[in-house]
Every structure is written in C-alpha cells, then in structure tokens.
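This text opens with one protein chain seen in two forms, each one given by itself as structure tokens under the names structure 1 and structure 2.
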Structure 1
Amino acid sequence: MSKMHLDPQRTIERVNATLGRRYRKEQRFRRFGLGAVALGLLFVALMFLNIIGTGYSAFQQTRVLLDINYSEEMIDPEGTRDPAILSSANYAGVIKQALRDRFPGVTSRGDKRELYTLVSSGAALILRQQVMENPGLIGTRASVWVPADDDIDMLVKGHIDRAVPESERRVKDQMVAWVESLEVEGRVAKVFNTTFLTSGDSREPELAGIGGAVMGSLYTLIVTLLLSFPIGVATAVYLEEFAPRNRWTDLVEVNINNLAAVPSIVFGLLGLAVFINFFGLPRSAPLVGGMVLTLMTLPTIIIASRAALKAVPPSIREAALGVGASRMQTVFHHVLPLAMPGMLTGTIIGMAQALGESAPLLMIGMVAFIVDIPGGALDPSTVLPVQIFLWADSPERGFVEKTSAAIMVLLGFLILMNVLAVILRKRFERRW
C-alpha cells in the first residue's frame, strides 16, 4: 500500500523520463507498418507493370496486305463450285502465288521457302473461309489483310533486334528487307488482335487464342457453381439451423474447417481416383474439373454461409416461430433471404479461387493441347491458368507476350468477380 502514497511530483518525473522513449517506439512501429504496406503495394505494382509491359503488345497483331488472285484454275479448275472441292482447294498455293507476284525477283528455291514464311499458315484458312462464304470471289482479284508469321510479328513489334548479326536472329536479312519494303508501301499494319480473344490454342503464336480456355473455364465454373452452391448452402443451413449439438456435428465442423486448408493438388488426386478411375468419367472434361473444384470450394462456401446465417439475429427466428411458423418456414421464409447476400459473397470468392486454380486439374488431364473450342461440359478442354502454364513453356518467342496477355485476361476476370462480391456486400448486406 505504501506505493500508493508516492510523491506526485516524483511520479510525473518517472512518467516523463520514459515518455519520449514510448512515443518513439510507437512512431517506429507505425513506420514499420507503413513500410510493410508500401512494400506490398510496390510488389503488386511491379507485378502489374511487368505483366502489362510484356503482355499489352499481344492484343495487337501484325497483318500484311496481299493482292490475292482468286484464280479459277487454282481453286476450282473444273468450275463445279462443289463445296467439297472448294473446301480442299490449294489456298496455300494462292497465297504463295500472291507473294511471288509481289516479289518477282525471288527465284531460287531456298529464297522462295523463306519468302513463304512471311505470312502465317493461317492466311490460307482465311481465304478458304472467304471463298466458302462467297464462291462468287473465284476469278476476281482483291487485296486482303492476312496475319503475318510470328517471327515477322515479333520483328515489327520490335522484339527482334534488327541490329544484331544475321546469324543470331531467326529473321534473316533478306526477310527484313522484304518486310521493310512492304512497310514503305503501307502494306504492314498492326490491328487489334481478335484472333487472340476468339480462337482456340495453336502451336503458331499468331493463330493461338484464349477462346477455348475461356469457354473451358466457363463450363468448369458452371459445373462448380451448380454443385457447390446448393450443397454448400444446404450443409450450412442444416448444421446451423437443424443439427443437434453433439460430438458428431462437432466432428463434422472440425473436418470442414480442416478441408479448407487441404492443398488443392490432393483434391486432384481424389478426383482422379474417384471420378475418373472409379466412375469412369472422361479425362480432360470440364465436368470432372468442376466436380474436383467443387470439393475444393465447398469448405469456403460452407464457412461463409454459416457465418452469414449466424449474423441473422435470433429475434427474427423467435418472431417467426412466435407467430406459428414451422422451423422450415422460419428458415426458408426469413433466415435464408436475410443471409443470402453473405452466402453469395462467399460463393463468388470461392468461384474466383476455383477460376485461378490449376494444380488439381493437372491430375485429371486438363493440361492438354486442345485446339477445338469446347461445346459442352463433356468435351475435352483446358482452363485459363492451365493455358498460361502451357504457353509459358513453349519455345516460340511469340508466346512470351501471349502468356502475359493471358495472365492479364485472367486477372481481369478475377478482379471483376471480386468487385461483384464487394458490390453485393455493400448493397444488400444488412446490419442489426
């Protein structure tokens, strides 16, 4: 008790003596915190700068203007206009003819081979499509913009240095000269790359697109949503509103929380063993992908949904029961509608997680080269993160920018989904 009677003057002195130190400590702590935030932001900014810096050029494509002669003798020598003949005609030959006409000085076989590599092998497909849609083109002449080869694309975009010695770059001096002469005439242009957004995968960077991967991701997410939302909400409602409190439900609860921390590759192995090997579902299908991702997102949705149900005040339930509603009516007429915004937010975040996941899909064969755009949940397909992984490992220089551009698209979708979650929460969430 004697300490209570200390001289007030001395107490103030003691406080003053340490005051400066304590203030400094707080200042230091604040600076640390600020530094940590700044460092985090710096890394995010660096990542975005790096990805956008390398990726933005993939949204443009180099095209070359060629004077095409849709000569009847090359496309349809017998003049039957039979679609089967038009479909299998030698359009590559038409393109080669156009290139030879433009550069008549090229005669040797080796030089011609190099000349033909100026434009993409996809150019012939463009002509084929034109002729199939409008057979009246046969026998006419027209100027057509066709995609350039990926090496030429890299050259025009400045990713291949024209100053290094010829032997060290893939584009030879005479090809550079050809491209430059075309550039002088305004026959080379960079246009918005619709191919990248609409077509499927290809081994030619100038023809490769994320259309197939986006559709694959879409089907996978639809399956995931259709399975995980009802199961997740039903589980949460049962555990929160109906289940008796006993050891069993405790065990279930602990296990659900643990599942949320299981590495996603484990779900992939489970999917391989159960869905593919036991049930015999097809490999590489969005159906199986969606089922595996359902396992992964279920804990997230269940936990978020239970939190949303817990946040509904008991007075609502009591009032409903008080006017004679059954427990089921209480839940479905009153509690669930009020908890729905929180549940939807949790679901969207779970979906965003599933969209960015690639590890479990490695196991079930979705890491594959698939050209045709999937038309349903049973067609073989790949997803966006897997497409990024595949392109990152491709030797062609043109895939470097494609990889970053695909990351930009994936990040765009993720940001969109997260914004949606925030808006839902802000607009519909009720606080009591």
Structure 2
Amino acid sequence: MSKMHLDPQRTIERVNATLGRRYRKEQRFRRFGLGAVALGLLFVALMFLNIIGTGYSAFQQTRVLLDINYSEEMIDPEGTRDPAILSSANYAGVIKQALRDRFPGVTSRGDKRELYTLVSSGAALILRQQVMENPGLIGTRASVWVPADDDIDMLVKGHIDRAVPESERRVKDQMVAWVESLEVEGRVAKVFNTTFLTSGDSREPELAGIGGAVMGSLYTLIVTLLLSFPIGVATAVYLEEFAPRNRWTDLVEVNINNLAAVPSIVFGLLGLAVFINFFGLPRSAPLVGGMVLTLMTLPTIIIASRAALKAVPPSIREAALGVGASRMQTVFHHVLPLAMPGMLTGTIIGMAQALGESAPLLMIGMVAFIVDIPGGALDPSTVLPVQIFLWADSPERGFVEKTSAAIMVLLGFLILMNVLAVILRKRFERRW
C-alpha cells in the first residue's frame, strides 16, 4: 500500500518539476522576445535621431543683406527697357559691386575673389527676377536679402567650427572675419528655406531643392495608381469570383505570388527592354516610371484584393443569389463594395512601396540631372528616392544635410500613407 501511495506522489513531483522548467523557459523566451523588440526599436530610434539631427538644419537658409545699386549703366545702359537686354544684364557684377562697397578695404584681386564667394551665385538670379518683374527698380538703391554660399551657410549654422585652425576648415580666417562683421550689423540671418521645397536640383547646395523630385514622384504615383488599381482589382475579382478552378488558374496564382517576391530591379530591366527599347517611350519620364512601378505593385494589390474578397461572408453571395440577382450583380452590387476598404488599404500600401523605390527607376534613366520642375507625365524628371541617391553621392557638406532632410520628407510621406491605410481600414471595415 505504501509503494502504491508513493508512486503517484513522485509522479506529481516530477510533473511539478517539469512544469517549473517549462515556465522558466517560457519566461526566458518572453524576455528574449522583448529584448529583441527593444533592440530593434532602439536601432530605429537611433536612425531617426541621426537623420533628424543631420537634416533639420536644411530647412533653414542663411541670407545676407546687401545694399544693391540697380545701376542703369550695368543693367540697361541704352535705357530701352528691352526685356531681352534686362534678362541678359550683368547682375553678378551688381552683386560684386555691392560687396566691394560694403568692404572697401578689400583691394587685391585674390581677396576680391574670396569676398565674392560670400554669397551664392543664385543672388544674381534673384536680382534678375526682381528687375524683370519691376523695371522701375533700375536707377534706384535697395537692401536685398540674398542667399549665402554653402560654405558660409555651414559656418553660420555651426557645422564648420570657427575655433579650429584655418588649415582644418574650408572657410579662411579672413572670410570668418567678414561674416562676423556682417553678423554684428545684423546683415546675416537664418530664414525658412523655401528654396529647398520649391526648387529643382542644382550643382550648388544652397540652391538645390526637392520640388522637382516631389512633382516627379507625384506624376509617377498618379500614373501607377491609374493603371494598377483597376487592373489589380479586376484581376482579383475575376480570379476569386469567376475564374474556373483548373491548372491554368493555379499557374496564374502561383506566378502572381512569385512576382511579389521578385527583386524590384528586375522590373526596371523589363521596363527598359519593353517600354523604352521596344515601344520607344521617352526615358526619364514619369509615364514610363509609373508603368514600371505598376508592374511591381500589381502582385501586392491583387493579393490584398483577393484577401478582401475572401473576407466577405458567403451568406452575402447566397442572399443576393437567392433574391434573383445575377452573378455579376452579386459581385458588383454586394461583394465588391464590402471588400473595397481592404482593397484600398492594399492599394495604399502598394503605393507607399512604389514611392520608396529607386532601383527600377534608375534602370529607365530617372537618375538624370533635372533642374526644371516637370509639368506633366512626359517631361523629364526624377523622383524623391533617386534624388536622395544623387545627393548622397555628392561630397559637399551642404548636400549631406539636404540628403537627410529629403529622407525626412520621404519618411513623412510614407508614414502619412500608412496612417491613411490604417484609418481607412478602421473606418470602413465590417465585423462579421
């Protein structure tokens, strides 16, 4: 009897010991999981902090206040006010004269060359635009804020340390002294950098902007949406609601799932071979870029749309068919409206994926240096990820902050699109 009584007790002890080990293993696994999540969030936070810390200053631009003499002898010596003459006048000479008037002690040719580099070459374009808009300025004097050179911009923003020896920085001591004298007089100021948001690309960092890239991305995404959404939804509806179940439809489904995992650069090679080399469409155009991104995003939209259609309960179809609706009426009047929120969510996620792609667009020539802002889907342009790629390859310090600022803008668009997808899903989803 005692032996029979002890055996169950030992069994319970062994079970309890085993349960203790299992619980400890589960706790360790949970700690490892939480640690992995915390480590991942830490790396993401460090990445965002590095990008923001490097790029936030690009949203400010250093400007210098100069007393401009709109000399008629330099701008319109004949006094005809001919727009062609005003457009080609020597506005750079007007800027140089203003700098010489401000620093009359600078007499040597070498010092003058350094003095002229205090302001950007874009200052002459500002004067040209002012005179073209208001020829009455000719013969007058006015104080005008003009953009500083990129090195001076970096100096004022603190990216160039004034305390280090002259041999270890790009700005010489004499130029630092000129800048400090202008700062004492209140002729140096940091203002919001509208140029960064409205201008196209430029060789000069202080004049470069993302306006052209943003418009190129917009046109490219519009083309992608107009092509991918109807094609993707129609494909999903046919495969899920009308297609017969046979080896051919199985082959199509397998290929769609496989295309979702194909590297994006393969779609770029396909677009280069088909759309440009075969059909002769223009290179570096949002139309071609949108068609390439359509091929890339179609699998994502089709898969998401089919999942949304599967989520609609069969009772909806049965009820519609039971009251005499045709198969087509059932799908388009009942099933498709209920599945549309999920389809829209998948489409927005596909568009966000397309917005961040650069590899396929590099293959079709959207890596070109584009200064003008595109006016349509057929104009040469670039997109925001490619613009970031181009600036990241530039050695100037001014392009470093603009690269990080462009990444911030791109991340902002991506976050906005994902938030919109979540809102649409929460707003329109049905609980069955």
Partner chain sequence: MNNNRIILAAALAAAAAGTANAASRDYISVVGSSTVYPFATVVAENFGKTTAFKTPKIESTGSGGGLKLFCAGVGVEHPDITNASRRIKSSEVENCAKNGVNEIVEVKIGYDGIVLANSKAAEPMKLSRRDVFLALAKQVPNTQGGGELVDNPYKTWKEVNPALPAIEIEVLGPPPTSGTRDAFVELAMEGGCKTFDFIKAMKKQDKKSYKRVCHTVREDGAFIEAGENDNLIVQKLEANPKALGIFGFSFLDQNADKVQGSLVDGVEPTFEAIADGSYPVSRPLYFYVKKAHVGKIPGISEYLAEFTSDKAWGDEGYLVDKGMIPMPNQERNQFAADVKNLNPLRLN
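C-alpha atoms forming the largest set that superposes within 1.5 Å between two forms make up the rigid core. Reference numbering: structure 1, starting with residue 1. Every value quoted in this text rests on a predicted model; they were computed, and no experiment measured them.
One of the two isolated chains is the form predicted together with its partner chain, namely structure 1. Core-superposed comparison between the two structures: the CA of G20 exceeds or equals a 2 Å shift.
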